[in-house]
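Below you'll find only one chain, the form predicted alone, shown as structure tokens.
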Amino acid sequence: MAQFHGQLFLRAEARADGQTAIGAQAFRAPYHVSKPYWDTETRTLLVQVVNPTAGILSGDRLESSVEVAPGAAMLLTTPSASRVFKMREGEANSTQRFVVESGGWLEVLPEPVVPHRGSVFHQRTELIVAADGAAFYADLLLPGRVAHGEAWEWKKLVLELDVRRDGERLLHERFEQDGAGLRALAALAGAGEGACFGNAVVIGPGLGAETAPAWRDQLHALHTDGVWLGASQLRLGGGWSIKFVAPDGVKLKQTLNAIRRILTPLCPHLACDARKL
């Protein structure tokens, strides 16, 4: 079976008229980039990265590098879930690097990762933000093909996230778990067989100035109806880490949308609708 070494490079730049446009791009299979859409209301460039193959297979290596130049604003999303298929041997790897330069904004809002039975997947993500840049990054994880009665059956999943702002490391976290282990943790939290996980980071000037801002109470108010949510300030007051668990995929997305709405007064580009494409 074919193995892909996919590569993606995107650089968003601010034009003289203030609009953001793609200033440079390069990609090869399985990556494909849709035609960008300029959202006039939020002044954000909306870009979809498409994987036209069925999903991620053993031996696949995916490398992406995305840059936002000074004054530019971009929302990067995907149209469908990233399915990591069953592997008899080997593993698949993804390396992501996101850089936001001075005065830039980047939102990374992919559809969920869905690890199938026996899969091994390792994703490394770097988020590097300038002192006066801002970003929102989210990762969503589903337990498997729940509709087919398959959940928590992947072999190994590793998700690493490293966040830096103005050269200082704000966060480094590594999640490594097999399906059975995460199923046990979900049960411990009172979540059911379909429990889904979300991990978000918001970075921006002034966002960490208060240790207990009023909007954090609004986030914590989402901690109800089967949803667990916690928000923690990052070191150096550089931003916030938001983790949430929902009883199913629908509730997970609803919670993420609610988080974005609550943070929109602080980060107006979050009002951009990823589904406009």
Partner chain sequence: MSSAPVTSTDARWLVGLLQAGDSYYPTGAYAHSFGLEGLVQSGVVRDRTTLREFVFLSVLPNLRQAELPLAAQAYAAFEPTAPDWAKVGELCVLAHALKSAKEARTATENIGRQRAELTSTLHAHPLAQEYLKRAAEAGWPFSSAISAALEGRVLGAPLEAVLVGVMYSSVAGLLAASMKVLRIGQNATQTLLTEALSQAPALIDAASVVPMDEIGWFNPWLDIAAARHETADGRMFIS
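Treat the numbers as computed from the prediction; the structure is a model and nothing was measured. Positions refer to the first chain, counted from 1.
Just so it is clear, the following notes concern the form predicted in complex with its partner chain, a form of the same protein that is not shown.
> Just give me the single entry in 137, 197, 121, 98 that has a non-hydrogen atom within 4.5 angstroms of its partner chain in the predicted complex.
Selected option: 197.
> Exactly one of 128, 182, 81, 146 has a non-hydrogen atom within 4.5 Å of its partner chain in the predicted complex; which residue is it?
Checking each option against its partner chain in the predicted complex, the one that comes within 4.5 Å is 182.
> So which of 35-43, 216-224, 247-255, 54-62 is the stretch with heavy atoms within 4.5 Å of its partner chain in the predicted complex?
The contacting stretch is 216-224.
> In the predicted complex, does each residue in the set 20, 28 and 94 place a non-hydrogen atom within 4.5 angstroms of its partner chain?
Verified in the predicted complex; spot residues all out of contact, no.
> Does the 4.5 Å heavy atom contact test between residue 87 and its partner chain in the predicted complex come out positive?
No, residue 87 stays farther than 4.5 Å from its partner chain in the predicted complex.
> Just checking whether residue 177 would be counted as a contact of its partner chain in the predicted complex - the rule being heavy atoms within 4.5 angstroms.
Contact with its partner chain, yes.
> Do residue 48 and its partner chain come within 4.5 Å of each other in the predicted complex, heavy atoms counted?
No.
> Although its partner chain is absent from this view, report whether residue 69 comes within 4.5 Å of it in the predicted complex, heavy atoms only.
No - in the predicted complex, heavy atoms of residue 69 and its partner chain never come within 4.5 Å of each other.
> Taking its partner chain as it sits in the predicted complex, which residues of 158-181 have a non-hydrogen atom within 4.5 Å of it? Please list them.
Read in sequence order, the residues that approach its partner chain (within 4.5 Å, in the predicted complex) are 160, 169, 170, 171, 172, 173, 174, 175, 176, 177.
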